[in-house]
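Taking the form predicted alone, here's one chain by itself in structure tokens.
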Amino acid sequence: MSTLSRSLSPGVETATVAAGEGVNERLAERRRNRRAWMLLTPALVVTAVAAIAPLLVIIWVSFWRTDGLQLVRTFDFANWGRVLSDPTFYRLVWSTLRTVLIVLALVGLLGLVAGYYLARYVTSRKLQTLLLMLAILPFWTSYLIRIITWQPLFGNSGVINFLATSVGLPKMEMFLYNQRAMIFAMSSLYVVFVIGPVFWALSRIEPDVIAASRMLGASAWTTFRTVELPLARGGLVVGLFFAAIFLFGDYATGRLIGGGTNPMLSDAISQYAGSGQWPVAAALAVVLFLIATLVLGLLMRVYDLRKEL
């Protein structure tokens, strides 16, 4: 028996050591998890206070009702019935989606072209930085100032018409206060969100990858379509993601440049809130949040943004 015990003791000791090491690893993993949660707690608190709590309040307010100018804190579906049964609501939803999708398509195309030009045809780093700074420069001023500057430029008595009449051309009417003007202004405002990420994504592509494609007989267009564009898709989606977030909340451009000819949900929310009809405004805000979440979710399906983190 003593001989058998001695023969088994090395195996027992090995198993004991392995079990002890497993316990130590689990304890170390728990300590790392606790440390990670402690570091993450401030950000979670800020997110809960600044984002989740206001959203819950808006959902709650959407079930209130108004009695004259007084808000009645109750749980009533009347506002939602009023909103969902109004044909104007569905026109606003369609107008919002159509405008956002058109502007996203335009800023995606323009940002892709501009970012590709900076990454492939501008070889000087200083010039690249300068051009990117010029693209960002309008964001150094107020958002409203950037919008209002379109009025003296494209107004019926603005700079464009002044130059046209100066050279003998007929005066052109209605540059402003229509859907085309609103979409043009929005595209110019938000294209910068796409230029930077696309340029950054294209700059990360190794030149040897592009050279290998060309050496295998691919044309410049085929190389861009099959090599560069798939690798730059993350930057394009990131830019469209941020542009969409701002687009859904933009109501000043439609009012100041579009003249209210193409109203969106954000504009309706502003008008209802300004007239004291907070429950209806809150209900529309919840709908706008759901639509924005749907569009952003579709962008996430195109490309998983977690790969860029």
Partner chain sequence: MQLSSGQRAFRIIGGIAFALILIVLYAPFLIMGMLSFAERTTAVFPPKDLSFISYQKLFNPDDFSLFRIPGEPLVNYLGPIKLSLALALLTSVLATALALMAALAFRERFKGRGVLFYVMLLGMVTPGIILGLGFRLFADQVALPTGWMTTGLLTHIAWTMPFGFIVFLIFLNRFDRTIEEAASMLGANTWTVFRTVTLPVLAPAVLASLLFGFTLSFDEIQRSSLVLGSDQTLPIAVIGATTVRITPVLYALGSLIALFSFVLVATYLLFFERERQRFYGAPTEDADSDADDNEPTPARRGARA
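We call the rigid core the largest set of C-alpha positions that still match within 1.5 Å between the two forms. As the structure is a computational prediction, the values presented were derived from the model and not from experiment. Residue numbers count along the first chain shown, from 1.
The protein also exists as the form predicted in complex with the partner chain; that form is not presented, and the subsequent description refers to it.
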Proximity to the partner chain in the predicted bound form (heavy atom, within 4.5 Å), stretch among 115-123, 229-237, 89-97, 75-83: 115-123
A281, heavy atom within 4.5 angstroms of the partner chain in the predicted bound form: yes
Close approach of R32 to the partner chain in the predicted bound form, 4.5 Å, heavy atom: yes
Interface membership of N178, the partner chain in the predicted bound form, 4.5 Å heavy atom rule: no
Partner proximity in the predicted bound form: Q151 to the partner chain, non-hydrogen atom cutoff 4.5 Å: yes
Joint contact, F63, L169 and M186 to the partner chain in the predicted bound form, by non-hydrogen atom at 4.5 Å: no
Option touching the partner chain, based on a heavy atom within 4.5 Å in the predicted bound form, out of A212, L101, M133, I205: M133
Residues within stretch 218-234 having a non-hydrogen atom within 4.5 Å of the partner chain in the predicted bound form: A220
G158 C-alpha moves between the shown form and the other one by 2 Å or more, core aligned: no
Core-aligned C-alpha movement of T261 between the shown form and the other one reaching 2 Å: no
Cα displacement of L55 between the shown form and the other one reaching 2 Å, rigid core superposed: no
